[in-house]
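Take a look at this single chain in structure tokens; it is the form predicted alone.
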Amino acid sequence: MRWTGRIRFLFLAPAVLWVLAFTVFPLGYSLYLAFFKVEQKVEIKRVQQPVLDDQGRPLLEDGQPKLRNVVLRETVTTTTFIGLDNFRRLLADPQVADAVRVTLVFLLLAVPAEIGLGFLLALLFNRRIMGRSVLRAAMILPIFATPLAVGYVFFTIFYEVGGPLAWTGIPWLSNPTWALVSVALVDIWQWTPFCFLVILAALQAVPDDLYEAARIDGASNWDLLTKVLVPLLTPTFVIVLLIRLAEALKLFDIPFAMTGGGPGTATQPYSMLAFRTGLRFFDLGYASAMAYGLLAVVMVVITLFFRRMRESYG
């Protein structure tokens, strides 16, 4: 029994080490950086070094080693503790406000459309139609595609010079409004099947007796939809909404591949701004504060999700 108790920890050790190395440590270190101003500077020094021949011996000139001027570049990273200044800067930064606006507009365009289309498709595929199982399998294929690859594929589709949709004359990627609409359309294409799958599972859990009882009471198809199905599926709608909100708030891959955040900053969501701040401009402290701002919002959404789960299934 003693050996059995020890072997449990041996099998758990790889998972614990993985979580510590790739979750807890990055999370703690980024929180540490959020209270510092991290700067990278390139220091340039000019030094004189002897000129060597093919054998590695210094060349002589008038009995003295021949020298040459060499420019040395050294990257120096400095960290300065600034307390909550990064978080104060976050609240007053106009770039952050613009990125938040882009993210919110994207959420309003994509998430309701995904849930609405998913519900309509679930109603359709809940009926007996020819080839229903094959069509269901085909419907969920976009979920398994890599978002970055999807972004590059749709970049070629929306390409305005020679792309498949060039005949429409719509500036899909060069106009700020249409570029954001294009990103939302791609996200709708990829994530509507997820909403469809969850809502379809909830629809199939509705007992047939309930339909028959509603029909006996004289309910029309519209009454059956609005007064029976929608109230029953409301917990499912809320769960799907919260899951999609938490995922869409982290939007990065599709606009990164399709538009690079452009034109200008028209499709630059909050997560992309944090990425550029940290890895393009090397302002790691401020980027960490931005990441924790996003984490706080996502944690609120996740908390609501679990609370709703407990209310629905507890």
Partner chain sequence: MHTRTMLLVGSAALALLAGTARAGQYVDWNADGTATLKLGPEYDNARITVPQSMLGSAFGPGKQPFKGVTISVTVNGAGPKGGISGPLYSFRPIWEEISGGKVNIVELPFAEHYTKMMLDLRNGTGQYDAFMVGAFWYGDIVPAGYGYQIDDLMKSGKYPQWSYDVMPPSLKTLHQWEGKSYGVLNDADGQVLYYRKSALENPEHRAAFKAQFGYDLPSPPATWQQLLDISKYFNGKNWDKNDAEPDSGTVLHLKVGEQGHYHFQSLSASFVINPGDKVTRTQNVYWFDPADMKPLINSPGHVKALEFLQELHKTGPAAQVGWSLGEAWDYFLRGKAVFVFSWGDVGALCQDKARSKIPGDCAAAMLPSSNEYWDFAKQSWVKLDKPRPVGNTTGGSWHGVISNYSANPEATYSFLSLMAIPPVSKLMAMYGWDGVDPGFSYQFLEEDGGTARLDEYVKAGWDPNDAKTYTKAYKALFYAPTTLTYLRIPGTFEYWDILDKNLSAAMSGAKNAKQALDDTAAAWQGVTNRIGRDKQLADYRAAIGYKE
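The term rigid core refers to the maximal set of C-alpha atoms that superpose within 1.5 Å between the two forms. A quick note: this is a predicted structure, and the numbers were derived from the prediction, not measured. Numbering follows the first chain given and starts at 1.
The following text describes the form predicted together with its partner chain, which does not appear among the structures shown.
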query	finding
Site check P176, F256 and Q268: each within 4.5 Å of its partner chain in the predicted bound form by heavy atom	yes
Partner contact for D85 in the predicted bound form: its partner chain, 4.5 angstroms, heavy atom	no
is_contact(A97, its partner chain) in the predicted bound form, heavy atom dist at most 4.5 Å	no
Any non-hydrogen atom of F119 within 4.5 angstroms of its partner chain in the predicted bound form	no
Heavy atom of F155 within 4.5 Å of its partner chain in the predicted bound form	yes
Within 4.5 Å of its partner chain in the predicted bound form: residues from 109 to 131 (heavy atom criterion)	none
Did A246 shift 2 Å or more between the shown form and the other one, C-alpha, core superposed	no
